[in-house]
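Subsequent text provides structure tokens for two forms of one protein chain, presented individually as structure 1 and structure 2.
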Structure 1
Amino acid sequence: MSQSVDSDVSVVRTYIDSHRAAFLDDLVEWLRIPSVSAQPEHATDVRRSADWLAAKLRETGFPTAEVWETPGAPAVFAEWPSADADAPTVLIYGHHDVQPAAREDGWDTEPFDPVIRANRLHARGAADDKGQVFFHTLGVRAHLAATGRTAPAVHLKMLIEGEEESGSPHFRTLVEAQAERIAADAVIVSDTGMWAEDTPTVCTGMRGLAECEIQLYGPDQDIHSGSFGGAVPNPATEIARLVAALHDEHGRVAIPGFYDGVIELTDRERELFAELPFDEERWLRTAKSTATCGEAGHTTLERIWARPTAEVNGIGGGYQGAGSKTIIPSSAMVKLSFRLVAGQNPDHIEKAVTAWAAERIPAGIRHEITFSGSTRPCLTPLDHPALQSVVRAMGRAFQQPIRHTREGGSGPAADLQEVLDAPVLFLGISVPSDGWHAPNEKVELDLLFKGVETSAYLWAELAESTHEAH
């Protein structure tokens, strides 16, 4: 079958245009639900978000749409079999939970009261990840409209989890338990971004993630810094010393064993990265920062896409209120996250960090390390046929050449790759300025509808490429 017959561009665009308003109304409704998985007080909201999505997927046409329980927040599973029995099966992955957000963090408007300004939709979750999950609902309808089908060209499945922003602690178990129902020939992850508004790209890999909180305990209670200062260990000082020891003078992580197994970049990959139109000044504006730093011997793109890191996400201890309080605090803590690259294993990192911390903490200080959910790194071969289908679908939507990137962030894609034994492909239309995890998160409406359009073309492309491969 030819592309022009199977999914005519003008039919797709006309269909999308006529359903645009209703689609946005629905997305706004979903974004109003503060499905913050990290905050226990929002547990019912995360459940409400799952119920809302399952209902909407049934309305879209999925014959099956179920809320799947986990020991934490629920996931949503939906399935829409193709009329062609021998069509390939594709699983779309995304998440319906969001990062914490509060107006006082610096939002111009309420994070869970979506607003459209200057062709952008602002809300927590607009880009990460509700917008990018939701574009498939209109995409599959446009695919049917353009091809005259009543069911997709592929057996379409969706698995939208509810704990991605909390490190997906139960996702691996869920995937293993439901491996049969979610079995697929390819996984489409819609939880990544593109290079820029004017440079559409596909992502070929994501970093993994290991997270921990280290609590240090000194005196049994806060004690007077005059009476005791200078003579007993101070847990706030010690937490700082621990953090300061995370990196060596070359910006490399100084934890013994941290780099074990790291797959180094090839010269070809470094060339591909170097070919991208990287403007450091512009990138720094997106990063809201004024200087770069990092591991010696690597470019900024290499540092954020292909090198592992250790970052402090939060640090605290002692008196943080107004004025002063001359104490030696009784405790201090740090929240660390480690981004991992292909070849690194979160279990090994956990052991390495645990041993490193235990070795460095002095007498008189008790410590506890708690690791939360980890995510494996993953990488897709550049020459995989399914990846080429994504590139073609995006090319038709964007009418531009599609370049290759990686993603510095993390997702549980590697678990799907490993358990389902299927290639993982990344389809995202978010851009760096969207402010993931930050105040005033937004999605560009033009790009959101390019996502819809790519989704409309993708199912026929994937069906075709699989048939060719057979």
Structure 2
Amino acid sequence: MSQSVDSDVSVVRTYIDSHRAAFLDDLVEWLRIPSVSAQPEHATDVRRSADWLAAKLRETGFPTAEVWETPGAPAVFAEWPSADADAPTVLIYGHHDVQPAAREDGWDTEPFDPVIRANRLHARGAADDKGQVFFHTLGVRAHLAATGRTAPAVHLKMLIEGEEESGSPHFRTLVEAQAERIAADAVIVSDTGMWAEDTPTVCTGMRGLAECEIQLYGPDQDIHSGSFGGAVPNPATEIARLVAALHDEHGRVAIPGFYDGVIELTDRERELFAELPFDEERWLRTAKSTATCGEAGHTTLERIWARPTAEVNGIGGGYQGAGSKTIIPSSAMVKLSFRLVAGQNPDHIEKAVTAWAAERIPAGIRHEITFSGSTRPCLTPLDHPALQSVVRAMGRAFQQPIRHTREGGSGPAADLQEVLDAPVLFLGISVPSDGWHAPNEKVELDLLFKGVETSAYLWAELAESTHEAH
């Protein structure tokens, strides 16, 4: 049995303080490995990173730590069974590959030569995602120290992929092939962040994504606009009409069936979003924009977190050079992306977009539509016991109320939710100023160790909430 809450907190913090220096030494060693999955010349470094992590997880205490091969970069799997046979199983997800980085990109120091300045650790991967993966290693040891256990209160597993920064091209296949090994009652994603240093938050969901390119073909070649203009269909005109038809006058996506199945925000969720200290003018400055727009009846945060969207990512056709060239072009194109929310199915969206486009293309225009890989949305209800465990663990670490956010972007977490049929929970301590994918990426050390502390409390919280639910 665990000790009292106050005693647990004291033991956890003492343990973390006494192991802080060694933890940072290890993390710095890992950050020195330039595990850039997008660059073939770093393939051996990505493998070195996987080998390093597997060895360190075995050193942490995981009886099983394996490097799993994929057609691309390797992933790492680790498992540490609980002594309690009926304990829940929890899978931690993260990634060990990083974005490309070079000094000439604008870094103040070498990106793979970690530097600590003003209580911040600067290096590529410090926040995204090595730091947030690695805090679990010290967290689980602090958990054992506080509870007197020799194994975690949950059956603890880790799956740390090596291709997230390259779009996770082999992740879904890996998850499906290893579904039995990675089966879990809950998934903890530590590849996310918080609202701000003074506003700790837990993310409850991510949007999904579908993408397509539509090509329109008219005349077999560019033709004279004086001789044929106004008498034959123009692909560039039709692509413009297609784009103009994407939304109605209220900013809603006008594709029939697009909103089928959408899970609407509850009043409570809208209240929680409204509690966040959101400065729209500051947000606009970050967006390098001067005005907001979007679906009527929703706030900016609701639009980017909990509403589906259709965006034009690129459009082209006809003459693009200097001066004029009076032609009807032979072709035109548009690239579209659709951010999806809980309840939407990418397969359904593909069919809806395909039917919508076909219906709007006039005679004399041939079209092709090509979809790339899709990502499903994921959402954990506010009242889910596992989510409440994360909130309580963070609350104990930060000693203040934990607020709620969602993530407007998309990621591979939804594959885990779908294949494993388990709730996805987000535990991250990174803040917007950490500069993911940017020069001088960093992690705030105080927050990094709050992540360690949260991890230390989480496993007993999850075990207890599961037993109470049963």
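Here, rigid core means the biggest group of C-alpha atoms that superpose within 1.5 Å across both forms. Just so we're on the same page, residue numbers count up from 1 along structure 1's sequence. The shown structure was predicted, so the numbers you read here are calculated from the model rather than taken from an experiment.
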**Prompt:** With each form of the chain shown alone, which structure should be assigned as the form predicted on its own?
**Reply:** 2
**Message:** Rigid core superposed, CA of Glu163 - does it shift 2 Å or more between the two structures?
**Reply:** no
**Asked** Under a superposition restricted to the rigid core, does Thr266 display a Cα displacement of 2 angstroms or more between the two structures?
**Response** yes
**Request:** Determine, after fitting the two forms on their core, whether Met333 shows a C-alpha shift of 2 Å or more between the two structures.
**Result:** yes
**Message:** So with the rigid core superposed, the C-alpha of Ile304 shifts by how many Å between the two structures?
**Reply:** 4.0
**Item:** Cα displacement of Ser225 between the two structures, once the rigid core is superposed (Å)
**Value:** 21.3
